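Given as structure tokens, the chain that follows is alone and in the form predicted alone.
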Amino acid sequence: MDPYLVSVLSNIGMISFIALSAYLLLLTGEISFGQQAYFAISAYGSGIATAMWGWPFWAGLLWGATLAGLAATLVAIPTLRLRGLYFSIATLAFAEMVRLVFEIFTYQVEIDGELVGPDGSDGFRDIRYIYDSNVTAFEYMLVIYGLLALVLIGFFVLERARLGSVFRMIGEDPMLTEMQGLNATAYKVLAAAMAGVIAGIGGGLYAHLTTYVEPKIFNVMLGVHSLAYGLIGGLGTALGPLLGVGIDIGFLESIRAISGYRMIVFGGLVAVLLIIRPRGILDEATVHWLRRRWRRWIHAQD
């Protein structure tokens, strides 16, 4: 497969994790501009585990995702008592705090005569576990999409389970949810923790593919984009955020004629869709219609 295509597909796969992370919070009615914080925490955490502590890749990835999930839980407990815009601002403030901490965070050890580890604003280099293990770019892309498939399966199970119904109920009317004897805040904290882990998986994968991370990568625009992907693709299914990522990275980025105006086009697309389709392209009504058509087609084949 063409190396450039592998690179683009790998990027789409990794960004899909943070898009799904923001989507999960959107289901509960919360808008987060700070999911890039958990992406960053895992990128650094998993990189430290493999490049500096000598852990295997899977252990490092699990470590990074766990750190991201714990951080998301600790942030969610106080902030999810806030409502609407206040919660969004709190998540943005936390993400910027994390980015600034990494700007001054220095932790290095000497390996084979060279210093390895985070070096403040100069970033964290030589996260080379994948390449030192002779894993090709194509093989790593398969790893990315294998993990993405597992996360999507988890979402499909969630959407058919009671927990998924509770999340959507909270998103539609938290007061009604409370009246039914359910602790809306506790469920939102659970959703935030799950979202942190999902973003963390993407962050760990990103660090090992690029072999280098620096604080400025995890800026507010990454958080805004992760949120916009769900709003574009639709909130009716977990495939919605993936559609949003595909439109932005796979389609808009590939059109050379608008490459210099991609952000303008992307912003305009978000604005238009919010007006004509507030719940995105694959909203609940569209997903229900597609499922009904699919069942009819299946029955027609019998």
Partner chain sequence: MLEVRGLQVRYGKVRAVQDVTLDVAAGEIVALIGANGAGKSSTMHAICGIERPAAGQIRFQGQDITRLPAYRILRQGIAQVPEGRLIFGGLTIEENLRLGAHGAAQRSGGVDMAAVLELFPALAERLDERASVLSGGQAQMLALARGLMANPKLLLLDEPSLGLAPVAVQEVFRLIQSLRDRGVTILLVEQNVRQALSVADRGYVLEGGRIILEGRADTLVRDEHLVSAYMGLKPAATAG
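Numbering follows the first chain given and starts at 1. Here the structure is a predicted model, which means the values were calculated and not measured.
FYI, the form predicted in complex with its partner chain isn't displayed, but the following is about it.
Asker: Using a 4.5 Å heavy atom cut-off, indicate which stretch of 199-207, 111-119, 131-139, 182-190 touches its partner chain in the predicted complex.
Answerer: Among the candidates, contact is made by 182-190.
Asker: Would residue 152 count as a contact of its partner chain in the predicted complex, using a 4.5 angstroms cut-off between non-hydrogen atoms?
Answerer: No, no contact at 4.5 Å.
Asker: Using heavy atoms and a 4.5 Å limit, would one call residue 126 a contact residue for its partner chain in the predicted complex?
Answerer: Although its partner chain is absent here, residue 126 would stay clear of it in the predicted complex, with no heavy atoms inside 4.5 Å.
Asker: Against its partner chain in the predicted complex, would residue 165 count as a contact residue? Criterion: heavy atoms within 4.5 Å.
Answerer: Yes, residue 165 lies within 4.5 Å of its partner chain in the predicted complex.
Asker: With a 4.5 Å heavy atom cut-off, would you call residue 169 a contact of its partner chain in the predicted complex?
Answerer: Yes - in the predicted complex, heavy atoms of residue 169 and its partner chain come within 4.5 Å of each other.
Asker: Between 272-292 and its partner chain in the predicted complex, list the residues on our side with a heavy atom within 4.5 Å.
Answerer: Contacts from 272-292: 284, 285, 288, 292.
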